[in-house]
Ligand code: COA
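One chain is shown next in structure tokens, namely the form predicted alone.
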């Protein structure tokens, strides 16, 4: 079972060459090199050039590199897409996806397509978007969603819980990863920890970040603990015993354990091993 760690996904403004170079030394699992929201209009061309040079030059180890392009409806989007396709990042992040039709223009792209889920229509069409064979990952754009709906990000994001869980269900139904939205107050460590814990409880794959200081807490939150890995290995070993092979449920340490728990355990171990390999 091959699982890619996507616990921490850090946004990097494409116009900041120093940040693009610093990214080579940080412990994030993935970087989103941003050509859209983080870049002023007069810096769009420079950002595109710098991002493509950085991706082409490499030096980021096993970290995944994602380029967020501008909307194809903008004056920069088509050039962004052409330039990104030429350097072949791990994925292209498409902003403001509201329906499956918005992904049709990316059929011929020779890398993964990630979809920003940040509009009211995206919340209503989440299943349709997830069902598209073009997309592999959802990225929640909670700031844009708050702006367009007026919903609050305060009080544990309770106003957005129905949308977030709807997107989780849609993504998982079609085998997609889903990355949680950013936590804006990057100096408030307890708040970040709470929101990371919430994302884990929701079933998110990882979380998008806006500052390097958020990487460590995020990686810790979205990594299985030693006890979880130990428990997972115990479940797998129990199902591999000759007397338990082929069974849908077994008794383990006085508790009923089903085959679905073994499948979950295999994912936990695979993630732990992938994390260890990346760190080693």
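The model shown is predicted, which means the values in this text are computed figures rather than measured ones. Numbering follows the first chain given and starts at 1.
This protein has a second form, the form predicted together with the named molecule, left out of what is shown; the following refers to that one.
The named molecule in the predicted bound form: within 4.5 Å of a heavy atom of each of 145, 147 and 163? No, none of 145, 147 and 163 comes within 4.5 Å of the named molecule in the predicted bound form.
When the named molecule is placed as it is in the predicted bound form, which of 33-41, 222-230, 55-63, 248-256 ends up with heavy atoms within 4.5 Å of it? Heavy atoms within 4.5 Å of the named molecule in the predicted bound form occur in 33-41.
Partner proximity in the predicted bound form: residue 236 to the named molecule, non-hydrogen atom cutoff 4.5 Å: No, residue 236 is distant from the partner.
Answer with yes or no whether residue 187 is in contact with the named molecule in the predicted bound form, where contact means some heavy atom within 4.5 Å. Judged by the heavy-atom cut-off of 4.5 Å, residue 187 is in contact with the named molecule in the predicted bound form.
For residue 113, is any heavy atom within 4.5 Å of the named molecule in the predicted bound form, or not? Because no heavy atom of residue 113 falls inside 4.5 Å of the named molecule in the predicted bound form, the answer is no.
State yes or no: in the predicted bound form, is some non-hydrogen atom of residue 267 no more than 4.5 angstroms from a non-hydrogen atom of the named molecule? No - in the predicted bound form, heavy atoms of residue 267 and the named molecule never come within 4.5 Å of each other.
Which one, 103, 123, 72, 210, lies within 4.5 Å of the named molecule in the predicted bound form by heavy atoms? Result of the distance check: 210.
Could you list which residues of 58-74 come within 4.5 Å of the named molecule in the predicted bound form, counting heavy atoms only? Read in sequence order, the lone residue that approaches the named molecule (within 4.5 Å, in the predicted bound form) is 68.
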